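Starting off, we have a lone chain in the form predicted on its own, written out as C-alpha cells.
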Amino acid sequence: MEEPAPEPVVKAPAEKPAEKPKDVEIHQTLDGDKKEEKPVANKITVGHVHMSGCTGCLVSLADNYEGLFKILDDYADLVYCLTLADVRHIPEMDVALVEGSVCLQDETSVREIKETRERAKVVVALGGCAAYGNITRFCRGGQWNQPQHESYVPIGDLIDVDVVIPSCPPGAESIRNVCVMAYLLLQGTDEQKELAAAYLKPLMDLAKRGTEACGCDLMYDVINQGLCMGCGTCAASCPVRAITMEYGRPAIDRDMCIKCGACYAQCPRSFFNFDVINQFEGIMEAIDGAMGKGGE
C-alpha cells in the first residue's frame, strides 16, 4: 500500500523588511532647544570645480571629517566634483566652490569657468589661487609650466565672483562655515538668513575688492594709515612665513610672498565689520546648532 504523498509545506509570507528610517531635520532655537523633527527637505546643491591648483583646498574641505558628512547628510547634495562625484559636465547648482586659477591657453578651463558662472547661483573663489592667482599667477613654487601653459589668472578676471575664501589653503572650519551659511541664506528662516548675510558680508566685500593681493597691502592700507596695532595676526596667518614681526610691526619679504591674500583678510584692522561683530554670538550659535553642537 502506497503511503500518501506529503502535503506541500506552505511557507509563511516573509515579513516586509522595516523601512529605513528617514533622516530627520531637527529645528533648534538659537539656545539649542529642540522644537520639532521632520524629514530633511530643501537641500541645496553644491559643486566643487577644479581649475589649475594643487587640490589643497579640496583636502582642506575633506579635513572637516564628520562635519562634512553632517553637511552632506542634512544640508547639501554634492552634484559635481571630479574627485568625489561621477559627473562629467557641470550641472545646475546653488553653490559652486571653485578651486584654482584659470589657464588662458586651456580652452576647456576657460569654457568651464564660464559655464560655472552660468549654472551656479553663488560662485565661491575657494583659496588663494582662485581668488588672486597665487603661485600659479606669479610663477612661484619652483615648478616649470608646460610650454603651452604660461598664463594663469584668478577666476574673478573672467567671471563675477560672489564670495572669496582666501588663504593657501583656507582652513577647514572656514569652508564648513561658508557651506552652512550658504544653506541658511538660501533655505533658512528670516532670522537665519539675516545671520548668514552678516557672516558672509566680509567675504563678499573681498570679492568686490578685486583680484590682486599682496603682503604689501598691509603696508599701504594698514601700516601707512597708522592702524597697525602689532598683534602679529598677519604673520601667524601667512602659510609661507613671508611675514615676520620686527619692532612691533610686520615686515614682508616680497620674494617669498605667494599673493594668497590671507594676511590682509585676517588682519583685524584691514576692515572692521559691525555686521559680524555685533551678531557674533548668534552666528556661532547658529553654526553650532546646524552642526549638532547646540546642546553641548
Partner chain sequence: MVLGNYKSVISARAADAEILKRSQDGGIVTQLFAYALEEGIIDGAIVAGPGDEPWKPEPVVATTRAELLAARGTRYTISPNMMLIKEATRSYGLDKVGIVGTPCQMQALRKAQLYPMAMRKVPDKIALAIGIFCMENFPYQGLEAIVEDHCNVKMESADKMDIGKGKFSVYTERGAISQIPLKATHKYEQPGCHVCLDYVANLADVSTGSVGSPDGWSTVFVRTKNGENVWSKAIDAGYFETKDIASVKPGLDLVTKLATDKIDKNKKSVEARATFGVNKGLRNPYI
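Positions refer to the first chain, counted from 1. Bear in mind the structure is a predicted one, so any value in this text is a computation, not a measurement.
There is another form of the same protein, the form predicted in complex with its partner chain; it is not shown, and what comes next is about it.
Contact between C228 and its partner chain in the predicted complex is found at the 4.5 Å heavy atom cutoff. Among residues of the shown chain, A235 is one whose heavy atoms approach its partner chain to within 4.5 Å in the predicted complex. Using a 4.5 angstroms threshold between heavy atoms, Y199 counts as touching its partner chain in the predicted complex.
In the predicted complex, its partner chain sits within 4.5 Å of a heavy atom belonging to P169. Only one of I252, C267, I258, C57 comes within 4.5 Å of its partner chain in the predicted complex through a heavy atom, and that residue is C267.
Stretch-level contact check against its partner chain in the predicted complex with heavy atoms at 4.5 Å: of 78-86, 216-224, 107-115, 91-99, the positive one is 216-224.
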